[in-house]
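So this first bit is one chain, no partners, the form predicted on its own, shown in structure tokens.
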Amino acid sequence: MDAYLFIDFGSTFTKLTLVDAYEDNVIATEKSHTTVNNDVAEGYEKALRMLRKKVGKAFNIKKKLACSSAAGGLKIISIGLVPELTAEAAKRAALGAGAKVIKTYSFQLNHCEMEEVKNSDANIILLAGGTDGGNSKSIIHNAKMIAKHKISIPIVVGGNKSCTDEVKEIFGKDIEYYITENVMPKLNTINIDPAREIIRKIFMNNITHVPGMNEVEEKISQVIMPTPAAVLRATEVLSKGSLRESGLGDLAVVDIGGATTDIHSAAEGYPIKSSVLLKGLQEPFMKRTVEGDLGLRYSAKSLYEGSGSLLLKKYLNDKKYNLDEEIDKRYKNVDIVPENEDERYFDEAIAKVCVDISMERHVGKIESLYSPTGMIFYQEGKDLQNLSYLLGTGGVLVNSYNPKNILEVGLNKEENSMILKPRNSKFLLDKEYILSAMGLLSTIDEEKAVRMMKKYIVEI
């Protein structure tokens, strides 16, 4: 039996998905705790042994591909000029590469900010600023500050191309840097794919810093992308389809984790009404947002502190809990698994808060302004009101008795709302936890990936 093996090195679990090389079937899945602090090879080998035992017969692995978010995944600092423009464009490029943006800076950096950058745990800095032929003062100033403070992590330069030669001269041989195309070459026009590809390559080169990853890489074909990038790719392929296999059309993926809640949307998001004008930075068809303060475990405390008790109580439907105690228990014991109905119910209430707030932050909004000719309406961000599908993934959804009940919170049921959440989407569930594996499979066989997602992702 010939098969493909797809590995997802997560911060908590290493997940294996074995796929038949010729039939559109998942042969088996297995997982084991990621042993990131000691040797990731241990967790991988344990999961592989359990997988072989589960399959119960010999199989030939034609190709092994992996994605990884082990050791916290890929962390990026983005630096731009104007917060709403080049800084935001840089942030989107980082998010599109599967990174978590831990800080965004704008304008000319000061020494205090540079110390923050130097003492952070970022893996990459994305340096942008100015349209092509536009402002050059800020990006040159910030390049000089990076050189002066001897920043030792890779710098991806995606700003005003007129400054490229001077930036190269400033960095010289002391700074590791990569020049790519401007993330915002023209006002309100983004160009994030080149920067995204450079970031992905740097991630691949540096993933071996995780203990044991060198040993694992000798046994597999390649670690090719961060896990969020694999999910984003799967989302895009499922939406657009392939040459001979139709996709599902507009959709969004809600990925609820212990530390973050990620939203991936595949949709143009143009205004539905002709009377509404677009405002701000151009939105990409594939958009990813990461909410680092919304999660079930690592971010439970920040979620509670940020949203307050009222929203959580709303989703608990007046069931009595000691909120402080329950939140603290999850924050301090990130591996905790619900053992009874009460614990599951509380987890699902937290998940609803995650879906509610993260969807509101992801979608666009309508602003109304008075003018001499009457009221004018502006849309900033994506209009997802007519979104066809909302697809859920993540342990809390997969293990829920009623995942639809959690995803429904992402819809907008209010009339005439200025928040452009989906209104009548159908609900899908990644029941077999295959999205990241399908993102990897799409790099080998796009059509097979589309067919398998349409087969295994279920409507709820």
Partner chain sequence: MQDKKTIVLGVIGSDCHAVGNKILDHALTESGFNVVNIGVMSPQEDFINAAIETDADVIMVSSLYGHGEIDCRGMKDKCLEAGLEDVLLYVGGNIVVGKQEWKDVKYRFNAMGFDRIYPPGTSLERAVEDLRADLYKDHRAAV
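Quantities reported herein were computed from a predicted structural model and do not represent experimental measurements. Residue numbers count along the first chain shown, from 1.
From this point on, the text means the form predicted together with the partner chain, which you will not see here.
Peer 1: Answer yes or no: in the predicted bound form, does the partner chain come within 4.5 Å of a heavy atom in every one of 113, 146 and 306?
Peer 2: Per the other structure, none of 113, 146 and 306 touch the partner chain.
Peer 1: Consider residue 317 of the chain shown here, and say whether it contacts the partner chain in the predicted bound form, taking contact as heavy atoms within 4.5 Å.
Peer 2: The answer is no: residue 317 has no heavy atom within 4.5 Å of the partner chain.
Peer 1: Residue-level question: is residue 134 within 4.5 Å of the partner chain in the predicted bound form, judged on heavy atoms?
Peer 2: Contact check for residue 134: yes, within 4.5 Å of the partner chain in the predicted bound form.
Peer 1: With heavy atoms only and a cut-off of 4.5 Å, decide whether residue 85 touches the partner chain in the predicted bound form.
Peer 2: Heavy-atom contact with the partner chain at 4.5 Å: present for residue 85.
Peer 1: Would residue 187 show up as a contact with the partner chain in the predicted bound form if we use heavy atoms at 4.5 Å?
Peer 2: Flag for residue 187 set to yes.
Peer 1: Which residue, 118, 365, 344, 279, has a heavy atom that falls within 4.5 Å of the partner chain in the predicted bound form?
Peer 2: After the contact test, the surviving option is 279.
Peer 1: Find the only residue in 234, 124, 157, 81 having a heavy atom within 4.5 Å of the partner chain in the predicted bound form.
Peer 2: It is 81.
Peer 1: Sort through 327-335, 134-142, 226-234, 308-316 and report the only stretch with a non-hydrogen atom within 4.5 Å of the partner chain in the predicted bound form.
Peer 2: After filtering at 4.5 Å, what remains is 134-142.
Peer 1: May I ask you to list the residues of 228-257 that have any heavy atom within 4.5 angstroms of the partner chain in the predicted bound form, in sequence order?
Peer 2: Heavy-atom contacts within 4.5 Å come from no residue here.
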